[in-house]
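Presented below, as structure tokens, is a lone chain in the form predicted on its own.
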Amino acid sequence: MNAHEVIDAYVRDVARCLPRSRREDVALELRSLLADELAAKTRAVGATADPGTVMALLRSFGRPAEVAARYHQRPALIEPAYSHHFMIWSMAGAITASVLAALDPTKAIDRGEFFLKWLGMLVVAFALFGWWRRHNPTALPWKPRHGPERMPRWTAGLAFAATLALPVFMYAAPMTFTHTASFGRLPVAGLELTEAFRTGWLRATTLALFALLALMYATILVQGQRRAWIGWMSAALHGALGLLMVAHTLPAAGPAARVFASAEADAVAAPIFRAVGALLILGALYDVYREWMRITPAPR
């Protein structure tokens, strides 16, 4: 290849790294610039433009991808502005994979495979979101929000009622709950509790924590705000309840962990207890993160 062919090859590789709309203009400008630089260099040393001289010049310019970046800076797959959120979601995926793998007695969940798939989906999702934001810069404008201490009374009241109606009622009396919720259409004989579970420590402790959770929402309902100590209390209650839900499926917990008299009902309930336990543990970790990130502004 002669000197001009080397320059043409270099310009082509630079143009490939650019958007189609800019390739011709940049190629024309770059080819002219390189030709002028090469002519000046050969005149200074009194030499001819051979491929070796051209290669020395091009090395000083940099690799084609680096030169293309000077003309057009391509956006990152994950925008720097959203790297913080990407790390949070990555950590959430890692924790979820660890929790699910720890709660899976069959070991069917591969923690590493789950996390890699999660990470791949996150990269694609953040890349698409960044592309969409660049093409719709006015979409999703920022709106002021209240601080973490604010929790509307209607939300606290709904959470209080839902805690009493679902976890407390459903857990304390599953037969009555199912009969009431289905208007008597579903059979409830298989939901009879074992004597060891009905009078055991596991059920009593779980009911006590559910009652404390309802009391916490009642406190928010009265005060009209979610103070910092309530946030830490929420984290502790959700974490403890998550561990207790998991304990319902562990043989190490003893006869008190055998919930239903029917073995079939127990087999169906076991994965549900593990899933609910995992969600509660993740909720506790979110509460911890929320309180850790709480910022108290300076006085006005």
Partner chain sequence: MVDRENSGLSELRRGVLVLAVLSRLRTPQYGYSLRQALAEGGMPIEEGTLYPLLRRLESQGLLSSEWNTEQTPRRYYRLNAEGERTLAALTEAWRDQVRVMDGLLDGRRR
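Just so it is clear, the model here is predicted, and its values are computed rather than measured. Positions refer to the first chain, counted from 1. Rigid core (definition): largest C-alpha set, two forms, superposition within 1.5 Å.
Not on display, but discussed next: the form predicted in complex with its partner chain.
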Even though its partner chain is not shown here, does it sit in the predicted complex so that Arg22, Glu29 and Arg70 each have a heavy atom within 4.5 Å? yes
Among Leu57, Ala240, Met233, Ala247, which has at least one heavy atom within 4.5 Å of its partner chain in the predicted complex? Leu57
Among Ala267, Ala65, Ile272, Ala40, which has at least one heavy atom within 4.5 Å of its partner chain in the predicted complex? Ala40
So which of 221-229, 158-166, 129-137, 70-78 is the stretch with heavy atoms within 4.5 Å of its partner chain in the predicted complex? 70-78
Taking any heavy atom pair closer than or equal to 4.5 Å as contact, tell me whether Phe260 reaches its partner chain in the predicted complex. no
Looking in the predicted complex, any heavy atom of Asp50 within 4.5 Å of its partner chain? no
Using a rigid core superposition, assess whether Ser32 undergoes a CA shift of 2 Å or more between the shown form and the other one. yes
Given a superposition on the rigid core, I'd like a yes or no on whether Leu241 shifts its C-alpha by 2 Å or more between the shown form and the other one. no
